[in-house]
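There is one chain below, alone, in structure tokens, taken in the form predicted alone.
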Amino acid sequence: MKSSASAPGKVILFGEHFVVYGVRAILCAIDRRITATSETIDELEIRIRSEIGDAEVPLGLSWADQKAPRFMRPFLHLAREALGESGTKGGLEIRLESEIPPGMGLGSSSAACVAAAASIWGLFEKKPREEILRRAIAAERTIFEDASGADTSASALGGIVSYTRDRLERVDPGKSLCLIIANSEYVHSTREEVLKVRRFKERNEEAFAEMCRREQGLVESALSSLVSGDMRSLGLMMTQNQEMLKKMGVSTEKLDVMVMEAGRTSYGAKITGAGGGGCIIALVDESNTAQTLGALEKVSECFVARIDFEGLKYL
């Protein structure tokens, strides 16, 4: 018996890093997906087949054991949870296929957790989307203890969401967004970039508090622009957001070049995700997509992305 599900990656339009300190973030699911296919097997083991790496782990091995690769932890957690609750004898094989480059701030790990949770539970009892989201967040926290759940929520629900740790809301855009995503091809460490911002905050308490206030204002204005479909204002606010991220030290020389090139013809551009590498996003429409894409292709790999409104789906 097999069960398949897929979930989209995401970009952060506003609020990365600031969300850790209580500021609202705005996230957008994109039309690049991860697909998970699960099936029961007779062997007493959990098998992971993925582009990140393959592994086979006996059911009795702890996910924290050195023999269990770090990337496997969420899937081991989900598989053991499902096998235990369903009372199934035997093991599981989980295959992951991705359209999202890993380690680039596009939510690949969150999308993988959502897709895997849905595909695994689809073997036994299909759970409501909210239940899959809860289990996926718990699985992701086996690697990232402080994961906010924002990426996972955007992936499971699709569309655009505004997020704080105690509140999640859907945002209905007045106009469907078109983004160019450009890849610096440098894999970043989210943990290192988060620590970098924390150190910046500790050295600049008053300045950081003011930046949080400014970011909160940008987010509220951006929500209004999203609802009204005002791309020019939204792009300007993205550029202003980028200046604060740069000041905090999470940009790099290559990211700065990419943002500058995109800014010549797009409505606005900024880092998406933790920074220190990863990707930038540039806001465009039919009037400037070709020009912006041409400029960015000279300095990085890039592609056009649109909003994924479906979120999690069973296949």
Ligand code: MEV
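A quick note: this is a predicted structure, and the numbers were derived from the prediction, not measured. Numbers follow the displayed sequence, beginning with 1.
What comes next is about the form predicted together with the ligand, which does not appear here.
Review point. Which of these residues, 200, 71, 124, 144, gets a heavy atom within 4.5 Å of the ligand in the model of the complex?
Key: Exactly one residue meets the criterion: 144.
Exercise for review: Identify, from the list 204, 233, 239, 148, the residue with a heavy atom within 4.5 Å of the ligand in the model of the complex.
Suggested key: Going through each option in turn, the one that passes is 148.
Check your understanding: Closest heavy atom of residue 274 to the ligand in the model of the complex, within 4.5 Å or not?
Key -> Heavy-atom contact with the ligand at 4.5 Å: present for residue 274.
Check your understanding: Hey, in the model of the complex, is residue 302 touching the ligand, heavy atoms inside 4.5 Å?
Key -> The answer is no: residue 302 has no heavy atom within 4.5 Å of the ligand.
Check your understanding: How about residue 13: is it within 4.5 Å of the ligand in the model of the complex, going by heavy atoms?
Key -> Result no; residue 13 lies far from the ligand in the model of the complex.
Review point. Quick one: is residue 225 in contact with the ligand in the model of the complex, heavy atoms, 4.5 Å cut-off?
Key: Residue 225: no, not in contact with the ligand in the model of the complex.
Check your understanding: What stretch, of 213 to 221, 186 to 194, 114 to 122, 88 to 96, brings heavy atoms to within 4.5 Å of the ligand in the model of the complex?
Key -> Correct option: 186 to 194.
Review point. Going by the ligand in the model of the complex, which residues of 13 to 30 come within 4.5 Å of it through any heavy atom?
Key: If the 4.5 Å heavy-atom criterion is applied to the ligand in the model of the complex, 13 to 30 yields 16, 17, 19, 20.
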